[in-house]
Structures are given as structure tokens and as C-alpha cells.
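Listed next as C-alpha cells is one chain, alone, in the form predicted on its own.
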């Protein structure tokens, strides 16, 4: 009974991440790559994303402070961040990166700053939500690490 309840909670949590626009189909594709030989594959990929993305966020923040008119540099850094987010299906992060890049094209430093604050909030929110999701998956155990909730 406990397993069944945890499994339902996991499915519901993942569905909410999709319904609220935090994740896209790329996350499902990652889960499809997970198997018995690498039961924590998705969690490991996501952990790598958050470690790398924290470094990228610092680089973007430093570039905004040190090179505020170098929109090519800012665009390039955010492009890299967007690609990393896309690789795990971080839809809201990816979308806000597109907004940031549009501000770079418009040469709007204020727009870039506002958008960067949104990127950081989306990143932090996604990290918290995925940490909760993976914690619940660990409670469910290895039998159900890839939870299907196709829409």
C-alpha cells in the first residue's frame, strides 16, 4: 500500500511539473534512457546540470557587471545556459533565456538585467522542485525510477 501511494505521488508530482511548464518532452526522453544498469541516470544528469549551471549563472552575472555593453558576450553565455537547460527539459528556464537573448538583440541592458533575475528565480524553483521529485523517487525505490506520465 505504501509503495502504491508513493508511486501515485511521484506520478502526480511529475505531471504537475509538466502542467506548470517547468519541464518539456526532453525530460521524458532522458527518463527513457534510464535502465537497470544506470538506475539513477536522470538524477545524475540533472545534478550535473545544476552544478554546471551555477557556474554559468556566476559567469553571466560577472559579465553583466564587468562588460555591460558586450551583448555578444552576454548572448553567448546565455545561449550556453539555454542549451544546458534544454538538455534536461527545463522549459521555463529555456524560455526565459530566449527573452534574455531578445534583450541582447535589442541592446537593452535593463531588459537583460530583469530577465537574468527571472532566469535565476526559475532556476532556483526548478532545482527545488526536482530535488523533491528525486527524493520521492528514491523512496519509491529502483523498481519505478522512470515514471511515465505521458500527456
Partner chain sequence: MSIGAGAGGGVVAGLAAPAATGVAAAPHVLAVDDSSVDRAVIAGILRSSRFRVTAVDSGKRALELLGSEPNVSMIITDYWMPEMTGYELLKKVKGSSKLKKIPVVIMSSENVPTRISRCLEEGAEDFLVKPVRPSDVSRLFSRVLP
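Residue numbers count along the first chain shown, from 1. Here the structure is a predicted model, which means the values were calculated and not measured.
The next section is about a form of this same protein that is not shown, the form predicted in complex with the partner chain.
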query: The unique member of 59, 117, 86, 125 whose heavy atoms fall within 4.5 Å of the partner chain in the predicted complex; finding: 86
query: Heavy atom of residue 25 within 4.5 Å of the partner chain in the predicted complex; finding: yes
query: Proximity of residue 29 to the partner chain in the predicted complex, heavy atoms at 4.5 Å; finding: yes
query: Interface membership of residue 44, the partner chain in the predicted complex, 4.5 Å heavy atom rule; finding: yes
query: Non-hydrogen atom contact residue 99 with the partner chain in the predicted complex at 4.5 angstroms; finding: no
query: Segment assignment from 48-56, 117-125, 63-71, 102-110: heavy atom within 4.5 Å of the partner chain in the predicted complex; finding: 48-56
query: Within 4.5 Å of the partner chain in the predicted complex: residues from 62-82 (heavy atom criterion); finding: 79
